[in-house]
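The form predicted alone is given below as one chain in structure tokens.
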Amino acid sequence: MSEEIKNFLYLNRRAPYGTIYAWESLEVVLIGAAFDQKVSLAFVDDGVFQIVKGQKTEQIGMKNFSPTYSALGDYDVNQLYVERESLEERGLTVDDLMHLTWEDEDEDWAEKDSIRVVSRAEMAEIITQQDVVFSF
């Protein structure tokens, strides 16, 4: 009998536009969450740009899909890890990121932050704790 897979981590390394990787990652995350998989996301390297607030895409002729990240909490995707060093290397802080939240039904629907900024060492540990890691 095979062991049941429990934890899926989607590791986002690429900028949001210019390739389809970021959009495909988001689509797969939403599909997995809709089927009750335990899903979390990690943003490292240029992947941190995927959740920067105020994205404007008119000049590049691509649809801005960043508002879709605000739906993650509705799918019980509430563990979003952002690597601190990746933010710093790109001149960003947590204040540059979208305010992504979820509602905790166990605490009378209290709104809680989904984003957790972690060090590179903590990110490595989070990755090792997963059953499956998808890299985009």
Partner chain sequence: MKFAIQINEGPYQHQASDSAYLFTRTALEKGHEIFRVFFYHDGVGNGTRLTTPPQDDRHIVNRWAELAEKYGLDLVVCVAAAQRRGLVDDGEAERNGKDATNIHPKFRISGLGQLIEAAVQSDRLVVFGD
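Residue numbers count along the first chain shown, from 1. As the structure is a computational prediction, the values presented were derived from the model and not from experiment.
Heads up, the form predicted in complex with the partner chain isn't pictured, but that's what we're talking about next.
Which one of 71, 28, 92, 98 is close to the partner chain in the model of the complex, taking close to mean a heavy atom within 4.5 Å? Selected option: 28.
When the contact criterion is heavy atoms within 4.5 Å, does residue 35 count as touching the partner chain in the model of the complex? Yes - in the model of the complex, heavy atoms of residue 35 and the partner chain come within 4.5 Å of each other.
The partner chain contact in the model of the complex: residue 24, any heavy atom under 4.5 Å: Within the cut-off, so yes.
Verify the contact flag for residue 17: yes if a non-hydrogen atom of it lies within 4.5 Å of a non-hydrogen atom of the partner chain in the model of the complex, no if not. Contact check for residue 17: no, nothing within 4.5 Å of the partner chain in the model of the complex.
105-113, 74-82, 35-43, 54-62: which one contacts the partner chain in the model of the complex at 4.5 Å, heavy atom to heavy atom? Contact criterion met by 35-43 only.
The partner chain in the model of the complex - contacting residues of 121-136, heavy atom within 4.5 Å: If the 4.5 Å heavy-atom criterion is applied to the partner chain in the model of the complex, 121-136 yields 132, 133, 134, 135, 136.
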